[in-house]
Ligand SMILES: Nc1ncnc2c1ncn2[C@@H]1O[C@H](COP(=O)(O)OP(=O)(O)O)[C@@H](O)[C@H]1O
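Before any questions on how it binds or moves, here is one chain, the form predicted on its own, in structure tokens.
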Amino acid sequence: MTRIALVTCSRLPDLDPEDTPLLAALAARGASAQAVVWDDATVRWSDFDLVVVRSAWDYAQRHEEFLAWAERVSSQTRLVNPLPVIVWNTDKHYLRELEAAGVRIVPTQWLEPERHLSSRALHTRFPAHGEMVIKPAVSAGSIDAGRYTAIDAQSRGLAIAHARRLLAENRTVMAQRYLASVDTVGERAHVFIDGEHSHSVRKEAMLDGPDVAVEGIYKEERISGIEAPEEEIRMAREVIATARRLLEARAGDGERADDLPFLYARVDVVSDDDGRPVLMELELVEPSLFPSYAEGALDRIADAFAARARRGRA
């Protein structure tokens, strides 16, 4: 019997409720799966044939520690998605690389802490009209993200204060246009399992004002299942293919060729002012896969996890 670790965090020791049914589904496929907290020092990772990152949503506050953990685990057993993906995808600078490779993303200004930008310099880099979002480049669950009105002096001042706080913590700040379609059409999340589109969901707008303290490790999402437009599925495939090309170009000579296919991927898109889909995020490390929102999704995910575990054991 293969052994699979579904990696979570201490705030969710029994996994996120969306992932809990995976335990029984994997058992039905001859795999012994258990929830394992990533920073539990007593865990012997080499005992597992496959380690799958799931709800490790406190990584953003401990990014370097999480990367060191991933490096240790990947030296002992099969980690998915693998270490190069984790290193690349847990810092949203990957969006800048995707944009340079031709992917349409939400318009973004990158504010780096080493620039020591003044409040006036921040002001000149923020959008001149509409609304905007301020958030750090390393983040999860919309924590430390806020929504502001560009032409309102008080709101703009709060955005500057938010950005200055993040920069003072040595965190890169992303200043993004808030696209109005998020409030009307919503954000669409397209889930791919082993390279194939499995299902899609719609996420309602989450940000409705300035950054505020949040109890927990993520903001609650309002989700519904949808039939995905073919245009967006084509775009999602192109995003995933581009990411794979970028990662393959970065891979070292000793990297196994089969380390880079993504066991799972979630492509989150929104619509720009012309109604075209643009990339919000490409989630390759610990995304919610929302299996309860689509018939057969749990089976597809469990089949893929079990097959990858058997391959790891071989």
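The numbering used is simple: start at 1 and walk along the sequence shown. Predicted model, so just to flag it, every value in this text is computed and none were measured.
Below, we refer to the form predicted in complex with this ligand, which is not included among the displayed structures.
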Heavy atoms within 4.5 Å of this ligand in the predicted bound form: which stretch among 111-119, 235-243, 74-82, 140-148?
140-148
State yes or no: in the predicted bound form, is some non-hydrogen atom of residue 280 no more than 4.5 angstroms from a non-hydrogen atom of this ligand?
yes
Contact of residue 135 with this ligand in the predicted bound form (heavy atom, 4.5 Å):
yes
Exercise: residue 155 in contact with this ligand in the predicted bound form, heavy atom 4.5 Å
no
How about residue 205 - does it come within 4.5 Å of this ligand in the predicted bound form, if we only consider non-hydrogen atoms?
yes
Contact assignment for this ligand in the predicted bound form, among 92, 162, 171, 197, heavy atom within 4.5 Å
92
Considering non-hydrogen atoms and a 4.5 Å limit, which listed residue (193, 98, 166, 179) is close to this ligand in the predicted bound form?
179
